[in-house]
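Only one chain comes next, encoded as structure tokens, the form predicted alone.
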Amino acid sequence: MDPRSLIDDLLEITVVASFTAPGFRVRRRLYAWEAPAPDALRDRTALVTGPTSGLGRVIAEGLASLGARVVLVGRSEERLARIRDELAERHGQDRFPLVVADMSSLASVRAAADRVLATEPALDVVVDNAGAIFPERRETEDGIEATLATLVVGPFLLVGRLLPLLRRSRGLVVSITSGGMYTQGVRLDDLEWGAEPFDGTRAYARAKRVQVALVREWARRLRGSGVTVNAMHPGWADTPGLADALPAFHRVMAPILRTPEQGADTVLWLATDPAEARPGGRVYLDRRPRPFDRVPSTRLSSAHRRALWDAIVARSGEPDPAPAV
């Protein structure tokens, strides 16, 4: 075995060292990572959901720095405009269109997708980053539990609607997942926490597990289409979302948390290196594919992934965007 792979695998086993800043620094030195070439994404178009703070803000800035046109998708027009103005001033040109959308609302996501389809001739990269943790169970206007709606159903609908542009560009979808997904299985009989007592943090982690399972199913169904779908785990990055959702964890781990830039590194690497992004259906951490499961009880069979897909299609209110063949 390559000694570098052995060190990397040992880091991965420890979890804490792997997910924090020390793991990032060791791997960067170990593999002599190179930064993406300047203007690597010139004449390319990327779309980022949740770009106004935290990891999404850094990803949007990183894509812009590489020359991409970046479609900024978020709930607040005021916050989106502020980010657009900052990016335009920094890069000397306004190539950052705004699309206001609430990912928990099917009507809002449909309208956002229709606008992108009408204004963008092609789409090279989609970064599914928007997310939220809800302290109490609540349902959206569509009658879907809010965590599942925001992290799973809305993004699923968005990607499905944008498939024509992604096919045209042989594009890449990157779903930002979370280390918490390793701790949760998927309850196909209770996806929306109707029977089990609701826990916001667990609901978030379970929704991320659903998201990752769907990544594998997207990849299977889109094989040969030119569209690549992967998940990416940023490690434990010091973001406002982490501080708000897990204040005690943030306080204890603060000295070794990753910077948002370290967390975003693999997204930019995948976006600029199509060969590494393919064939899809993978989950990445620090520029390497990682296991989908750490606990055997969380594994989903292929049959269960198909059943999960069908359940999300039904909640989206749309025809199946990628019927199985």
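Residue positions are given as counts along the sequence shown, with the first one as 1. Quantities reported herein were computed from a predicted structural model and do not represent experimental measurements.
One more form of this protein, predicted together with a small molecule, exists but is not displayed; see below.
> Test of understanding: in the model of the complex, would residue 155 fall inside 4.5 Å of the small molecule by heavy atoms?
No, no contact at 4.5 Å.
> Taking the small molecule as it sits in the model of the complex, is residue 102 in contact with it (heavy atom to heavy atom, 4.5 Å or less)?
The answer is yes: residue 102 has a heavy atom within 4.5 Å of the small molecule.
> Does residue 131 make contact with the small molecule in the model of the complex, using a 4.5 Å heavy atom cut-off?
Yes, residue 131 is a contact residue.
> My question is simply whether residue 170 lines the interface with the small molecule in the model of the complex - judged by any non-hydrogen atom within 4.5 Å.
No, residue 170 sits far enough from the small molecule in the model of the complex that none of its heavy atoms falls within 4.5 Å.
> Identify which of 65, 52, 262, 272 has a heavy atom within 4.5 Å of the small molecule in the model of the complex; exactly one of them does.
Residue within 4.5 Å of the partner: 52.
> Counting only heavy atoms and a 4.5 Å cut-off, does the small molecule in the model of the complex sit next to every one of 147, 220 and 321?
The answer is no; none of 147, 220 and 321 reaches the small molecule.
> Of these, 190-198, 94-102, 112-120, 212-220, which stretch puts a heavy atom within 4.5 angstroms of the small molecule in the model of the complex?
Of the stretches listed, the one contacting the partner is 94-102.
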